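Next comes just one chain, in structure tokens: the form predicted alone.
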Amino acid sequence: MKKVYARPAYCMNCHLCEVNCIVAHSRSRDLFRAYKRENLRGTARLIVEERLPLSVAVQCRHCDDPRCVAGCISGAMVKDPETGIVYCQEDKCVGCWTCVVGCPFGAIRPGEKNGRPVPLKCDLCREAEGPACVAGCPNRALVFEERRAGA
């Protein structure tokens, strides 16, 4: 399965991956509206971690056996058997945050959408042609590719 891989040596800490993620998951799909009218700051489904001089985007790894799915008490967190994408069925989420606690990579954060609790995690922009974070990265610090296990 294709996944997003970070290349820390190329990351310049611009946070454009976060911006593109927010816009891709907004109602309007418009930069200005997403930030000014929809007030979506802080809702990126990946987060740039920085320890200068290096910085890297941390996002869901879409694990083969995801702990977040196993720990979800409502069945909201699922792994698509065809694509391998781990995502949340937001209408089923009860906000218990066992997915947040269960993720060994810290790639899921508590969030809110329309007054309801929702986990913020990468879904590889599953309803688009590819991840917005990768498309918007000016240095190709994020790549979307398939790799062999152990590679």
Partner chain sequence: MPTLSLMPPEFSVVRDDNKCIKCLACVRQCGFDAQKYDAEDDRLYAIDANCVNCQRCVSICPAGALTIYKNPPPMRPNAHWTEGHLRNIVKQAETGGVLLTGMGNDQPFPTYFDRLLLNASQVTNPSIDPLREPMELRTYLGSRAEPVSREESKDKTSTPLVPIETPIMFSAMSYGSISHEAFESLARAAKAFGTLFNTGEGGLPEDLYEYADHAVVQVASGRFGVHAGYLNAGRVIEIKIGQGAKPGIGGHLPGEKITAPVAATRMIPEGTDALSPAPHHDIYSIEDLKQLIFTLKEATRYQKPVSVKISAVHNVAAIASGIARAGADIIAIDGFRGGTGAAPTMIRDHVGIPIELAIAAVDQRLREEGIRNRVSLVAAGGFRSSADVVKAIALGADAVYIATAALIALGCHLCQKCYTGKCSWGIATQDPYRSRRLNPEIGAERLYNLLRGWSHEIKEMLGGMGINSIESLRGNRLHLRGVGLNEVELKLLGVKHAGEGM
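Positions refer to the first chain, counted from 1. Remember, predicted model here, so these are calculated numbers, not experimental data.
Note that the form predicted in complex with the partner chain isn't included here; everything after this is about it.
Judged against the partner chain in the model of the complex with a 4.5 angstroms heavy atom cut-off, the residues R7, Y10 and V19 are in contact without exception. None of R41, R116, R126, K92 but one reaches within 4.5 angstroms of the partner chain in the model of the complex through a heavy atom, and that residue is R41. Judged by heavy atoms within 4.5 Å of the partner chain in the model of the complex, the contact stretch among the candidates 95-103, 28-36, 57-65, 79-87 is 28-36. In the model of the complex, the partner chain sits beyond 4.5 Å of every heavy atom of G130. The partner chain is not drawn, but in the model of the complex it has no heavy atom within 4.5 Å of A135.
Shown alone here, E50 lies within 4.5 Å of the partner chain in the model of the complex, counting heavy atoms only.
Residues in 115-133 all lack a heavy atom within 4.5 Å of the partner chain in the model of the complex.
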